[in-house]
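We give structure tokens for two forms of one protein chain below, kept apart as structure 1 and structure 2.
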Structure 1
Amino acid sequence: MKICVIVKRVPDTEANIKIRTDKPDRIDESEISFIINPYDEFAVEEALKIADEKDGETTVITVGSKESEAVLRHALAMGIENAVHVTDNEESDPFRTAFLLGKVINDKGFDLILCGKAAIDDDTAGVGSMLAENLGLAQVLVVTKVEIAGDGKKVVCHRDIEGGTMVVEAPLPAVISCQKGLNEPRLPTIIDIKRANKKALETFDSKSYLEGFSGPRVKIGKFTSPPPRPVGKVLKGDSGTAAKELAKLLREEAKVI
């Protein structure tokens, strides 16, 4: 069984995001650190688990700048066998990324393609679906359980829905996007980190795959920072009075009840 995982380099969840003063459609990357998209880490872990059970071969792919190599190394350290880097310095755009991935993946014969449910930076949640469309494959999105069934011919996934679980079957190959709760990603051991950093990567320039690309469908206009969070309110008095006041504020001010 050949399994592919798609990963993206994103700003650390702890990072204090600032917008560039010269270009309001870009964030200032100078002082922040980057990580593998946390949802992609669930995808990597799931790939490793499935490969372990089904004796599969795993490959990780990213589209992005030179620096994106770090997230491939992270996936390799976790245990993925092969890594492919499509170097691309354009502004991240899901349509472009899915196009490039479609071209790279097209003839590789993967049985299963896993990705995160969304990248935590732009949160477009677009690449997985678009890639499935580009490749003409089934897609099951935002899943919390993955099971390979029918002699490796199909996949059974769980999706959390309001008040219950939806069980979805799809024929393989398919694209699956991973949600929190699917698994607990392993930390790489020190030895595995060192091995991963010595491994050779397959690197392609995005230029060689852009033939037929019609250009991005959307363009980021600009970013604006959220308004500063107002200071919280502390209600005084005994619990009876405070509870009454709280109910009043929730109804009249916050308008949530």
Structure 2
Amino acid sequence: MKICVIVKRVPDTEANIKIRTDKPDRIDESEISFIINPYDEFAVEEALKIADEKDGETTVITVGSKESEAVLRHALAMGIENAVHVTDNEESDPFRTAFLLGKVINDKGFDLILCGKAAIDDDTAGVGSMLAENLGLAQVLVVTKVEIAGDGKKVVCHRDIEGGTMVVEAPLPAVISCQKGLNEPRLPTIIDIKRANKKALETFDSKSYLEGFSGPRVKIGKFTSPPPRPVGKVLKGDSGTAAKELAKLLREEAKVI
């Protein structure tokens, strides 16, 4: 079984995001550290588990700048065998990313394509479904359990829904997006990281795959920072007095009761 995992380079979840003053549609990356998208780690771990069970071959793919190579190395350190980097320095959106991925993946004969449910930077959750549509494959999104049939021709997925679990069966090949709870991603060792840094990457220039591309469908106008959090109020007095004052403030100022 040939398994593909899509990963993305995103800002660290603890990064202090600042907007560029000269380009309000871009963030200032000068003091930000970047990581592999956390949801993609669930996809990488699941690919490794399935490969162990089905004697499979694993490949990780990313679309992005030269710096995106780091997330491929991370996936290799976790245990993925092959890595493909589609270098792309142009302004992108989920439609462009899915288009490029589809062109690269189309002739590689993957039986299963895994990705995170969404990237934590733009949170569009669009690449997986668009990729499946471009490739004409079945898709199951936001999955918390994956079971491959013994004959390798279908997959059974569990999705958490309000009040229960939805069980979806789909033919393979298929695209599956992975949700927290699917597994616990492993941590690469120092030796794993050193070995991954020595592995060769298969690299493609995005310009070779843009024939027929009609242009991005999403354009960021500008980013704005959230308003500063107002200073809290301290209510003095005994509990009865404070409760009355709180009710008054909630009714007259906050207008929530």
Partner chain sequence: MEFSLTSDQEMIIKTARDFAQKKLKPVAAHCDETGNINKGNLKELGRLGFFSMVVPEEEGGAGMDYVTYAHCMIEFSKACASTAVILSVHNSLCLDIMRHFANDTHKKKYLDDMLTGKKIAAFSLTEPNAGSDATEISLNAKLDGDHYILNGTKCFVTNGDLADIYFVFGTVNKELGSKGTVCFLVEKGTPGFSIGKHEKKMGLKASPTTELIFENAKVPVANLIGEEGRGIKIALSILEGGRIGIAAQAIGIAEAAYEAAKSYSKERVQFKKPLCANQAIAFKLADMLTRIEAAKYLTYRAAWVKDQGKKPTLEASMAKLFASETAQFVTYEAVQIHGGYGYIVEYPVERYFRDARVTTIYEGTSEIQRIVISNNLLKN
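Predicted, not measured: the structure shown is a model, and the values here were computed from it. Basically, rigid core = biggest C-alpha set you can superpose within 1.5 Å across the two forms. Each residue is numbered by where it sits in the sequence of structure 1, with counting from 1.
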- prompt: Given that just one of these two is the form predicted alone, which number is it?
  reply: 2
message: Where the C-alphas stop fitting one rigid part and start fitting the other between structures 1 and 2, you find the hinge. Which of G163, S225, G212, K207 is it?
response: S225
- prompt: Two rigid parts, two forms: what's the rotation of the smaller one against the larger between structures 1 and 2, in °?
  reply: 15
message: Once the core is aligned, what is the C-alpha displacement of G240 between structures 1 and 2? Give it in Å to one decimal.
response: 7.9
